[in-house]
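Just the one chain here, laid out as structure tokens, in the form predicted on its own.
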Amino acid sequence: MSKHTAELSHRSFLTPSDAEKKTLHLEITFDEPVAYLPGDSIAIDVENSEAHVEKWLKKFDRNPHETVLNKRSKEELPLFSYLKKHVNLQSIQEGDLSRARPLMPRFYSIASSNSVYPNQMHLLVTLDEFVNDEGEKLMGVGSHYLYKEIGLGDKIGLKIYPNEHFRLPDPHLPLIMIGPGTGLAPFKAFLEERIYQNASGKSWLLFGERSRKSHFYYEEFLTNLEKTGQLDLSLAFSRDGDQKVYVQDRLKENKQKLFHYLEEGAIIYICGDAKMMARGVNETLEKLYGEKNGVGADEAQDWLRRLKAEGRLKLDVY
């Protein structure tokens, strides 16, 4: 991993202002080219909101100027700065600083190709909004920091994390990319890189979200690739019809295409939610293989394990 400082140069919504689930496109710019590859991630140093820090200080009647010891760095800091930049506030809701856990960086998949944007990185970030036990509408620390705490032109501290297990194959090999929601991020980078390479291998993207009207991220980019024959695009917008449809449903509908791609040596990539989506996709792949070959669940699971062992099924899930 490598440590860098960058500038927030662009921030815009990819969803309407009244969308129940809001998603941002962010661009961060470096003073000079930085090295990263499609599939890599970054960890951003975030801070707590001033409002949350002030609420904590008031609740426990603490002086923001008193000095405390940062156990990790062994330096003395004003309490306000310590709480804002170094502490997970949820770990000290009872006011006991001895129980404080460190404020950890937030991880995001890079949504751009270094070949196309050598001085930049793009991020796809959904705002994590929720209501706490007291009925307050709150936002996750990372979301709040990137949306409200920093302004355009402000500096961001980050580390680049290479992901050697989520790399593009040779340009002639086909890709099957399954990425609902912000799982689309690395696949935007993949597609930009494949265009830059003038890759001969086919690309198939299965993307799902809530609504086409409000949650079709990078619609113009993706539909233009589809129109020019550079991308097969299968969409699943779960709230647009009477029945919910997910990416695994599109796999079932396109099972002949799936096995045709695999026969041509395709690599399957899955990015996004591990608990529901990735498990559902894996189960669908096993079921489709079993139906095609007339075999039971054990043999279908062995097939999926072989795909993983051969590097033909790659996951970046969380």
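Just count from 1 along the sequence shown to find any residue number. Just so it is clear, the model here is predicted, and its values are computed rather than measured.
The discussion below concerns the form predicted in complex with a small molecule, not included here.
- The shortest heavy atom separation between R106 and the small molecule in the model of the complex is within 4.5 Å.
- Although the partner is absent here, F130 lies within 4.5 Å of the small molecule in the model of the complex, judged by heavy atoms.
- At the 4.5 Å threshold, heavy atoms of L138 reach the small molecule in the model of the complex.
- In the model of the complex, the small molecule lies farther than 4.5 Å from every heavy atom of S113.
- Among the residues G201, G142, P162, P169, the one placing a heavy atom within 4.5 Å of the small molecule in the model of the complex is G142.
- In terms of contact with the small molecule in the model of the complex, the residue from S81, Q230, T126, S214 that brings a heavy atom within 4.5 Å is T126.
- In plain terms, the part of the chain that comes close to the small molecule in the model of the complex, with a heavy atom within 4.5 Å, is 130-138 out of 130-138, 148-156, 71-79, 222-230.
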